[in-house]
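In the form predicted alone, a lone chain appears below as structure tokens.
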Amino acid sequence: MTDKEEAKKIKGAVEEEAKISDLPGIGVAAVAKLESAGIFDLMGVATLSPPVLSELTGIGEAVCRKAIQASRKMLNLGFMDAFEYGKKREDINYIPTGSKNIDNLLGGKGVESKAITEVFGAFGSGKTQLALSLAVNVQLPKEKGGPSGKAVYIDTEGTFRPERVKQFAEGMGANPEKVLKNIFVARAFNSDHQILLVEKIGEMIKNGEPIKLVIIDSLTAHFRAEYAGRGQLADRQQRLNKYLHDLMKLAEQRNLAVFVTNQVMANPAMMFGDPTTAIGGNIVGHASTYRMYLRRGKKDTRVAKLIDSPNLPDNETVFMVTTDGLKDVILKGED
């Protein structure tokens, strides 16, 4: 194929919906190998290096280099002005949490797509309850403030309960069986399994599943258990870092929301104030777009505190976990 023919093929692919098979030198066998490695779109190819693409497909590095360059041209991976960037963000979806107080804490509409929202807190602080509420509310139609999608729930600690989802669904007047059928659940038994499950999500979306929310409850449990001791800390953080980047890439490419719960520990160096610290350190802190700290409050209430956000001030609010779902608590000074 001449350079002119290649340019024509690239232009045609851009005008339609570009596929991996549109890349020069990438045939059916190479596409199958890439899909088995969890790469289903041009962005997956564009972010690879020629040696890695060559290893995955068995194609020579020179051909791989041309394919990578072509994928980058198709995706137009360059700079754009901030106005154009703002227009691209107009397709962002929001998922109501079930609590207006928490929605307002997050900017007014709930959990945002193309972002990772992390909640951390001690046992019983309401992390899983918030996750279950989101798994139900992601199914709300757009006229009711939801994205009308499905949820993926990766359960690492055995905390997912279908009967609790039924209560949430009944509380909002939805059909419990229909709601349960729109939540895909997998129990991850170790960190390798947990990583593999995220790779499977791209395949599910490619097969037509309208997934708008990925929940991981909890993010760090397996990594913490398998990489114990200071000697393995660097390996754990490196693996966790790559995993979080894969989640961010998935959120950006597929316009879905990623919601993760995180375990905590007490910081012995903290002399005053709350010594509770999230597991994962700066790796998790920097990867999360929004971070919320949950803790128990007075009289069966829960306190949600926003501690990190790219565009919102630090603030806190109060809510309750009831049989029917999350319920707002009116603070003093409010109507």
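Everything quoted here is computed from the prediction, not taken from an experiment. When you see a residue number, it is the position in the sequence shown, counting from 1.
Quick note: we don't show the form predicted in complex with a small molecule, though the next part is all about it.
- Interface residue remark: Phe123 is counted as part of the site for the small molecule in the predicted bound form, having a heavy atom within 4.5 Å.
- Residue contact with the small molecule in the predicted bound form: Glu157 places a heavy atom within 4.5 Å of it.
- The closest non-hydrogen atom of Ser21 lies beyond 4.5 Å of the small molecule in the predicted bound form.
- Shown alone here, Thr128 lies within 4.5 Å of the small molecule in the predicted bound form, counting heavy atoms only.
- A heavy atom within 4.5 Å of the small molecule in the predicted bound form is found for exactly one of Gln167, Asn190, Gln237, Asn104: Gln167.
- The partner is absent here, but in the predicted bound form a heavy atom of Arg296, alone among Lys33, Arg65, Lys305, Arg296, sits within 4.5 Å of the small molecule.
- You can rule out all but one of 104-112, 128-136, 247-255, 196-204: in the predicted bound form, only 128-136 has residues with a heavy atom within 4.5 Å of the small molecule.
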